[in-house]
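Take a look at this single chain, the form predicted alone, given in structure tokens.
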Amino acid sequence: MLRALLVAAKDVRHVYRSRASLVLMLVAPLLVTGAIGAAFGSGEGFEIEATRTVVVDQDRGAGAGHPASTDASADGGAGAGFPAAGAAIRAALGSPELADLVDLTTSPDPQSARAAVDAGVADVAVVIPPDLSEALWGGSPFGDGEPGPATIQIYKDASRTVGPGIVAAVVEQVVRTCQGAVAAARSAVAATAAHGLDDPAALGALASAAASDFLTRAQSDPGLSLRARPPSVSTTGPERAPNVAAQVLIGMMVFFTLFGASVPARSVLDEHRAGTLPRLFTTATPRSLILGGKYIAVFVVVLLQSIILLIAGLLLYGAHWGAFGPVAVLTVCGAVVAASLGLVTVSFAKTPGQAGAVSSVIFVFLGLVSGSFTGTADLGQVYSVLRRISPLGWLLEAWDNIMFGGSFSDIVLPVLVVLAFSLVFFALATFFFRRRYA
């Protein structure tokens, strides 16, 4: 075992004495993190410039075209007395929670709003049709009709994507909330009618009150407000969100540890080509110990790389990684999976140049699939499933949980999956190396 450690120590010293290796392993991820952090802000979240939004509210309100009365017996219209959907959209976009994201103004007509966007005065125009409330509420509380067709137009500056996307998401959320209010009104009417109350006026008033109460509760529910997505983790500690630089640095660390692992792994091919490895095989040291020393060197190189990057992130970017225990476990697991990947990509290559080309392609592919270039940021349900085909995706998911305040229980599954991947990769690397150097 001592001989394997001596082989490992020699390779580790060689890697950390190389300036090119240090730039690739340490400087590159920190520079990329700094650039992205400077672009989006390194505070507690992304700093997005407020989107200049113009709203044209043409909504005539519920029960349009009928006598304005909530009394259904007076032919007040099925939707009369219900909240105006257009007003709900304006209230949501102008809410204090979105004050830093949406700069809201109004316009009297769609033409003026679109002209403001074309002139660069506004970033997005939201045109609410006259029949929106009628389409949502008309006939629905009594179960004798479905919401009719109505189109909300969102006219945006083609060069802007994030801001208009936020505005569109808010509008869609309000519409869905109104549809939920319709369902609440229907349920209230059905439950009351089942107990013998069949007075149209009373039912109409009840439906209106149920819908209004649902909308009020939905608008005041923190779960429906727009905010940075905290993952669902069970924790008794205070909830916190990592800053942008921390999330990006984790992705960069996971990605660049693959290249850090490939540097000492390629030393097997370098020494074989130079003739030193065959001469080493002629000594009394068993070949299994020599290869074991190479494996240990790859692991130690990546582990030191990860520790240095985590400390640098703490000092340079104010990153808060989470509880020490889970962070230590994930750091070791990351080093294990990176070492296994570095070894397996080198094990079937014949020359150092071939190993470098093949491993680079594989690493970039895994980085793209796993989300290493976006760190722990959430990119949607489909992507969160896709990234799980890679051990790096599982590792980033575990870091995501820990950085948002999770504990050991939140990383058990990702850690087990990562270790299973690593075991398979180590077995493949051992098979190819033994076949070549038997």
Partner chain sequence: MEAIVVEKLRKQFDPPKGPVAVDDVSFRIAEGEIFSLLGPNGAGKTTMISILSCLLKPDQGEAWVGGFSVTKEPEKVKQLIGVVPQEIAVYEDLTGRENLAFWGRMYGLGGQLLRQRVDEVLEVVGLVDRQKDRVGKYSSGMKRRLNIGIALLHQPRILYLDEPTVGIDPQSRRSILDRVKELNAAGTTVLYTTHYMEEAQELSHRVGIMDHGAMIAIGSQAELVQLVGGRTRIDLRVDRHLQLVAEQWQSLPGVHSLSRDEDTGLQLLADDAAALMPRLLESARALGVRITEMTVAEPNLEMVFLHLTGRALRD
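Model, not experiment: these values are computed from the prediction. Positions refer to the first chain, counted from 1.
Another form exists, predicted together with the partner chain; not displayed. Remarks below refer to it.
Think of it this way: in the predicted complex, the partner chain has a heavy atom of just one of 300, 291, 280, 104 within 4.5 Å, and the residue is 280. Proximity of residue 274 to the partner chain in the predicted complex falls within the 4.5 Å heavy atom cutoff. Though the partner is left out of this view, residue 287 does reach within 4.5 Å of the partner chain in the predicted complex, counting heavy atoms only. Shown without its partner, the chain has 10, 13, 14, 17 in segment 10-35 as residues with a non-hydrogen atom within 4.5 angstroms of the partner chain in the predicted complex.
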